[in-house]
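Let's start with one chain on its own, the form predicted alone, as structure tokens.
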Amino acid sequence: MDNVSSKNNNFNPTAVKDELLKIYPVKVLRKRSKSIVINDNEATPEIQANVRTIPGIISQRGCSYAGCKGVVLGPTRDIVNLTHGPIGCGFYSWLTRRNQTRPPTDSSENYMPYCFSTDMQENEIVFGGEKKLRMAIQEAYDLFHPKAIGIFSTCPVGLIGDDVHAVAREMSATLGINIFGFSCEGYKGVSQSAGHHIANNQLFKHVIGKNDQKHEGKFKINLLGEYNIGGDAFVIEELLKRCGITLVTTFSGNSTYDQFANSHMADLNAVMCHRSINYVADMIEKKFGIPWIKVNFIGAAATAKALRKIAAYFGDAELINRVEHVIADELEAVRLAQEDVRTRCAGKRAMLFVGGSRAHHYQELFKEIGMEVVAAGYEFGHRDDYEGRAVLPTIKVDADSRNIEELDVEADPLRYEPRRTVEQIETLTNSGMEFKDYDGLMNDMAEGSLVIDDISHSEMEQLIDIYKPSVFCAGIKEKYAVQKMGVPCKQLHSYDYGGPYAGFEGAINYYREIDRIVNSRVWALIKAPWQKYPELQACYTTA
């Protein structure tokens, strides 16, 4: 390991990569080598992503069910999300991401505090669980009378062949409400990314477009890929309101069934987490004519850029002026917080290994306080999340991807209405507006930094040992292993007990929390006494 860094901490990324890989057998080394690349700002390297984790390697990834139920549908408050499977699957996907919601009144529907499950036992796994599923749907309906029920398949359901879609159709006809199923068995796909796709397909087929109510307001948008962890969506909602922008729905933070059903009435889709939901943006554009742009509300500069991008799309002078006033009102507090925190954080190192776009977006916040991100990667990213959407035509469709249904979407004969003409889109594009585009994580990372897809536990420990980062950002599975190494771990799936971190207000929260974390002296006390002060050892001599 001596050759990985010089005395002034200038790391040799090639040597670091070799160090991470040398523990593996030759066959595994060859495969993992393609998922660990050294960033090159001149020629973006190709990374291997969205492939199966090698058996025996401890992965950060979640399953398809987790992506479908836990990520996409979990933050919706008035759909009963019923897990068809063993109780453990329902329990461990129940509010563990700290999704928040604000019903308009105390008596409004809010099923998020409940955990609905058929609690399958050995008997159902042997003889089938459809009867028990019907009973569970009836019981949920009798208790709550919801507008909709979603049924989520777990691994045993796929193995025994329960037809959740047939049960959903039958019970929907009986009860007169919208009931739909998700074939999101945990083993489908290579990660939770497959579950996102399955969830979005079913929302598009069964919910979006069912409510044609028109909204007041000149500037109507949907926000996609924002899940209101720690209250992020509340901050963004308030910010948009101050700017005079009407938020029709968020997929799916602080959301409701009716908002989803009405989302086709917006005039623009703004996509936050590209990985989890670009499918919905594409399908809504094809069917209803609503363009989509990529935005990011994580980081003060990124938030200002996102607001300006939305305002530029509508091209209204009054809106553009109002957005600039809101940004100006917020930036002074941000600047003061940055100046203060930078004095203690600048130059420190961070690593981010979290899902979706978070390993990309949160680099904005670290840069704003002068910290260096030396390594990053996704749990369930695809090549375009790393290299940008320009590589989409070159990505091979493998058997795992073919396992996920692709919907054949066409323009709605009655409701397709292009929100912008071809000429308007061309004018906006020529002025710098990027539609349906995303640069990818590598574009914003420093030259020579390490980019690692589906990092293994072994690689994570070696990275920490070599770089000794001031903070490691990951999830609950990594948190305590990292902290036992004397390095603080900030969870970016659930935010631990912190947040919100979105918008200007959230950025200030994050600066201060990272300042507290990386400058706490407690991490220096993690070493056991015998590691810090080795005992004198002796042995018998035969002389």
Partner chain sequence: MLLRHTPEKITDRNSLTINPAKTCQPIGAMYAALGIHGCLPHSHGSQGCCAYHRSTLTRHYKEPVMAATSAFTEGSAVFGGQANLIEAFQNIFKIYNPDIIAVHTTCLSETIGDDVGQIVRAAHDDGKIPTGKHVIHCNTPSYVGSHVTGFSNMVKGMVNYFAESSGRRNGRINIIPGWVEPSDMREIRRLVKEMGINPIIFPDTSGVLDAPQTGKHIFYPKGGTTVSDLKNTGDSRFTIALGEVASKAAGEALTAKCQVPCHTLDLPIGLEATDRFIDMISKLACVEVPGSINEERGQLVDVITDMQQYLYGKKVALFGDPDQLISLTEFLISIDMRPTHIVTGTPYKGFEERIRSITKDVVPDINIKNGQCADMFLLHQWIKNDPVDLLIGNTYGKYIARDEDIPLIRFGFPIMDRIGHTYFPSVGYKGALRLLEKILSAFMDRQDRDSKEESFELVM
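Superpose the two forms; the largest set of C-alphas matching within 1.5 Å is the rigid core. Model, not experiment: these values are computed from the prediction. Positions refer to the first chain, counted from 1.
Below, we refer to the form predicted together with the partner chain, which is not included among the displayed structures.
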Could you tell me which one of L95, L175, L331, I425 places a heavy atom within 4.5 Å of the partner chain in the predicted complex?
-> L95
Could you tell me if G189 has a non-hydrogen atom within 4.5 Å of the partner chain in the predicted complex?
-> yes
Contact between A66 and the partner chain in the predicted complex at 4.5 Å, heavy atoms?
-> yes
Please check if E139 has a heavy atom lying within 4.5 Å of any heavy atom of the partner chain in the predicted complex.
-> yes
Does G388 make contact with the partner chain in the predicted complex, using a 4.5 Å heavy atom cut-off?
-> no
Is the partner chain in the predicted complex near all of A148, N211 and A317, within 4.5 Å of a heavy atom of each?
-> no
Based on heavy atom distances of at most 4.5 Å to the partner chain in the predicted complex, which listed stretch, 51-59, 37-45, 513-521, 500-508, is the contact stretch?
-> 51-59
Which residues from 476-515 come close to the partner chain in the predicted complex, meaning a heavy atom within 4.5 Å?
-> I476, K477, Y480, A481, Q483, K484, M485, G486, Y497
Large Cα move at I23 between the shown form and the other one, threshold 2 Å, rigid core | no
